[in-house]
Every structure is written in structure tokens, then in C-alpha cells.
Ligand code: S3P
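Encoded as C-alpha cells, the following chain is the form predicted on its own, with no partner shown.
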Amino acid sequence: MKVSLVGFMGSGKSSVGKELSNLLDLPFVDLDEEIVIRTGKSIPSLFKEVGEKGFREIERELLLELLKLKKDFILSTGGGTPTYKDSMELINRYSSSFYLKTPFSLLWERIKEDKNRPLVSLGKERVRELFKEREKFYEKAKFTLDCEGKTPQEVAREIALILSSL
């Protein structure tokens, strides 16, 4: 079984993914970390070098490669992954997808100081617009979990419970 976590920057995809990995005894894969490993470059430097479109191309190629692997794992996607071309459809085709729904105000508090997130430099209002634009893609996930006020452990347990009933 492959499980993909989608949601905006700061929604807890990596934290929940690691918890879920421990619960289900499956490997955890962070798509952004894989991109850094494969390219040898940080996400901000890739954005500067090839732009957002170039970055999304690299991201989509790696996403497809990972999803087509025969092994099972928990995948934490980047916040923009589902929005590029047919990426959300690929995520749904090859995995059980979960949208970690989190209010923007909480997301902003988590990400506003993070220098490793190139889009944060756009400012709060532009990031809010981006969040609203992306939400329709996240909502295509097979399952949506309201994450407000929940720890990563609690969200991971909810996902495990849903997966056990499939």
C-alpha cells in the first residue's frame, strides 16, 4: 500500500508521515528531500536556477517514478505537487491520498519565518491567495482530515484507522 499526504506548506505532511511510517512499519519518503538528494541542490537554489516551472517538472518526474515502484511507503508531497499538470490524478491512481486540511492562519504561523520555503518571501497575502488556489487540488484527495488542534500522532492514528477499514 502506498499512502500520499497532500496539503499546503506547514500542514504537517512530514511530521504525520513519519508518525504513520512508524505506526504501519512502512518506509517514509519526503518528496522534497528526495529532490534534494537526487539533484544535490536545495529547494531554494533549484527555484533560483530553474524557476518554479522547472522545479515542478523535476518534482513530477520523481513523483511518477516513486509512485510506480513496486514497494509500499508513506509519501509526503510538496505543497505545490498536486497542482502541477496531472500530479493529483497520479497520486490518486497509485496511492491512498489524504489531504491534511489546516486553517491558513495556523499554516502562516508555522511557515512565516522558514527561509527554506521560497514562496514565503512573497508575503502573507500572496501566500494566502496561493493557498486558496491550491485548495481545490488538495480537495481531490480520496480522504480529507481536519488537522486543526490535533497532534501529528493523532492525525497518523486517524489515517491508520481509515486504512485498516479499506
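Just so you know, these numbers come straight off a predicted model, no measurement behind them. So that there is no doubt, residue numbering starts at 1 and follows the sequence shown.
Here the subject shifts to the form predicted in complex with the named molecule, a form of this protein not shown in this document.
For the chain shown alone, R134 is a contact residue for the named molecule in the model of the complex, at least one non-hydrogen atom being within 4.5 angstroms. With a 4.5 Å cutoff on heavy atoms, L69 does not count as touching the named molecule in the model of the complex; it lies far away. Contact annotation: A156 falls outside 4.5 Å of the named molecule in the model of the complex, judged by heavy atom distances. Using a 4.5 angstroms threshold between heavy atoms, L119 counts as touching the named molecule in the model of the complex. Proximity to the named molecule in the model of the complex, defined as a heavy atom within 4.5 Å, singles out one entry of I43, L62, L107, V29, which is I43. Interface residues of 46-75, taken as those with a heavy atom within 4.5 Å of the named molecule in the model of the complex (partner not displayed): F47, F55, R56, E59, in sequence order.
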